[in-house]
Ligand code: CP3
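As a starting point, one isolated chain is supplied in C-alpha cells, in the form predicted alone.
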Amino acid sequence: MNDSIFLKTLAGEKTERPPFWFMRQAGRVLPSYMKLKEKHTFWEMMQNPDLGAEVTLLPVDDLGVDAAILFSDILVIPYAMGMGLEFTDRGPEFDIPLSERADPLAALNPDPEKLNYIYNVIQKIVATKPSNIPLIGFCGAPLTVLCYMLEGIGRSKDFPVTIKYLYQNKETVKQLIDAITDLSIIYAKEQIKNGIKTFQLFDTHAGLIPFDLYKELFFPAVKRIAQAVREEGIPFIFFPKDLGTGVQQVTPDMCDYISIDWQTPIEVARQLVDDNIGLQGNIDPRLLYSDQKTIENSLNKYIDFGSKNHNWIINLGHGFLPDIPYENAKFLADWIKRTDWRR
C-alpha cells in the first residue's frame, strides 16, 4: 500500500501528480455496471460479496482511478435502525417516514448486526483489489441521513418536511442526531477493522439550512465521527456540499481533507479553508456533457493550482450523473494522468 499515490498524498507526501477518484464512480456511467444491473438488483449487488467487490472495483479497470470506494448506500444506517427500506424503480423509499410517527425515537431499534453483510463485502474487496489501490469507506452525515428518514424519500429535494420538523422539534432532532451518530461510529469502526484505509462522510444536503443552525446541530456530530475514525489511524474526509463560506469554520479537528463542491472556485476554497486541512474536488460533473475540447480547456485551469498544492485530491464537486458519456469520464481520468503538473 506504500505505493498508493492516494495514501501518500493523504499522508502529506509530495507526489508527481494529484491523485484522483470520483464520487459515484461505480455506477451508471460505466457500461460494465449497466450489464450487471440487467441481471441483478441494487440490493443484490450491495449484499453479495462477489458482486459488491466486482462493482466496487469496476472503476479501477474502466477508469484507472487511484482509489476504490465501497459500493453501498448511505441509507443502510436508517435500515439498520429499524426503518423498512425498499429500493424501487423510483429510488429508495422508507415504509413510514419518521415525521409521520408520534414518537420517532421509539420507532427506532438500532441493530448493528444488520450491517454485517457490508463487512463481508469489504473483506472480499480487500482480498481481490490491486495492492496499490486503497479502499475508501463511507457513511452519510447525520443531516443528510435524517432528511431521508423524516421525508421517507420520493419527495422534493428541498425537504420541506425536514425543514419544518427541524424548527418545530429541535430537542427531538438532537436525540435523533445522537442516535444516527452512535450507529455511524460503530459502522465506521467496523469498516476500518475490515480493511478500509480512508473514510469519507457525505453531507450532500449540508447547505439545506442556515450555516449557524448547521453548526449548532451538526458540527458536534461530525466532530464525534471524525474523532472516532482518526483514533483508528485512518484519514477522514468531510464532504459538506453547498456549505459555502461556512467551510472557513471547519477546523482541523473535524477532518484531514474537505471535499469542495463546484460552487466555490478551488483557489477561493484554499483561501477560506484552514491551511492544515487538505482539499478534494471540485470539478463540476456537468462539464462532462461538453465536447472533449471544451472539457480540456476547463480542466487546464486546474494545472497551476495543482502545481502549487500537493495536498489536493482531484474529484468531482458531486457524483457522476447517470447519463454522462463514459467516453468523457475516461477522457477526464486520462487527462489527469497525462498532464504535466509541473511538480
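Residue indices: 1-based, along the sequence shown. Since we're looking at a predicted model, the values are computed, not measured.
One more form of this protein should be noted, the form predicted in complex with ligand CP3, which is absent from this view; the next part is about it.
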Option touching ligand CP3, based on a heavy atom within 4.5 Å in the predicted bound form, out of F138, Y165, F236, F218: F138
Listed residue that, although ligand CP3 is not shown, lies within 4.5 Å of it in the predicted bound form (heavy atoms), from A226, V273, M83, L75: L75
Exercise: K330 in contact with ligand CP3 in the predicted bound form, heavy atom 4.5 Å: no
Proximity of F71 to ligand CP3 in the predicted bound form, heavy atoms at 4.5 Å: yes
Y148: touches ligand CP3 in the predicted bound form, heavy atom cutoff 4.5 angstroms: yes
Non-hydrogen atom contact F202 with ligand CP3 in the predicted bound form at 4.5 angstroms: yes
Ligand CP3 in the predicted bound form: contacting segment from 91-99, 113-121, 165-173, 257-265, heavy atom within 4.5 Å: 91-99
Any residue of 254-279 that, in the predicted bound form, places a heavy atom within 4.5 Å of ligand CP3: none
